[in-house]
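First structure 1, then structure 2: two forms of the same chain, each alone, as structure tokens.
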Structure 1
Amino acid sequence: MLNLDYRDARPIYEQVKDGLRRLMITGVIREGEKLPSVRSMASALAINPNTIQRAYEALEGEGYLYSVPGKGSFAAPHTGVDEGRRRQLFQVFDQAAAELLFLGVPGQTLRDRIGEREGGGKQ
């Protein structure tokens, strides 16, 4: 499910958070689907449960999941992603697009890639 890279400079909780977010975005984890419990995921990854809890809390803060006391954590509807995360992603997008344009990638190529994503195509 998730791969951790202990040579990665990012903290483990960020790797877990990013990995879970990627699984949600790609549809591996679907809206409303129950995520593994903190303890079971920590056991599967052989890491401290507090690390998983921190990743879950961060994802909940970003709107990617929600918790139901006594039941667990679930993938949130796509509309739940907060405005702060959107702004952050637009900054990354703007920087990447500016660099690609600088490197000579035509604007139409960038538009085509966005169109592929909108149409459900994945690369």
Structure 2
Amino acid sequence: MLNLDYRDARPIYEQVKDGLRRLMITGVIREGEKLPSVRSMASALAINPNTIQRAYEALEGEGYLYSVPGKGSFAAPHTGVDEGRRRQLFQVFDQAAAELLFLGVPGQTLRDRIGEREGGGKQ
């Protein structure tokens, strides 16, 4: 389900966190879907359960999942994602755009990279 890169400078819990978030964004993991338990995922990746727990805890703080003691952890609906995460994303987006423009990339080029979400009305 996830790949860890020990040569990567990023800590493991962060790789897990970002990896899971990406799976949700790309639709591989759908809303309400049950995630692997901290223990099973830890043994699958051959790491300590506490490390997975830390990743889950961070994602829950962002609103990407919710955990129920005794039951498990589940992907949260998009609407539940934290406002702080949204603000952070806008800031990253704006700063990257500003620097790319500075480097001479035409604004039209950047606009063309933004793929619209199909079926947005259906949702």
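Here, residue number means position along structure 1's sequence, counting from 1. Note that this is a predicted model, so its numbers are computed, not measured. We call the rigid core whatever largest set of C-alpha positions still superposes within 1.5 Å between the two forms.
Both panels show the same chain in isolation, but it is structure 1 that comes from the form predicted on its own.
The Cα position of R22 differs by less than 2 Å between structure 1 and structure 2 after fitting on the rigid core.
Comparing the forms between structure 1 and structure 2, the C-alpha position of L110 differs by 2 angstroms or more, with the core used for superposition.
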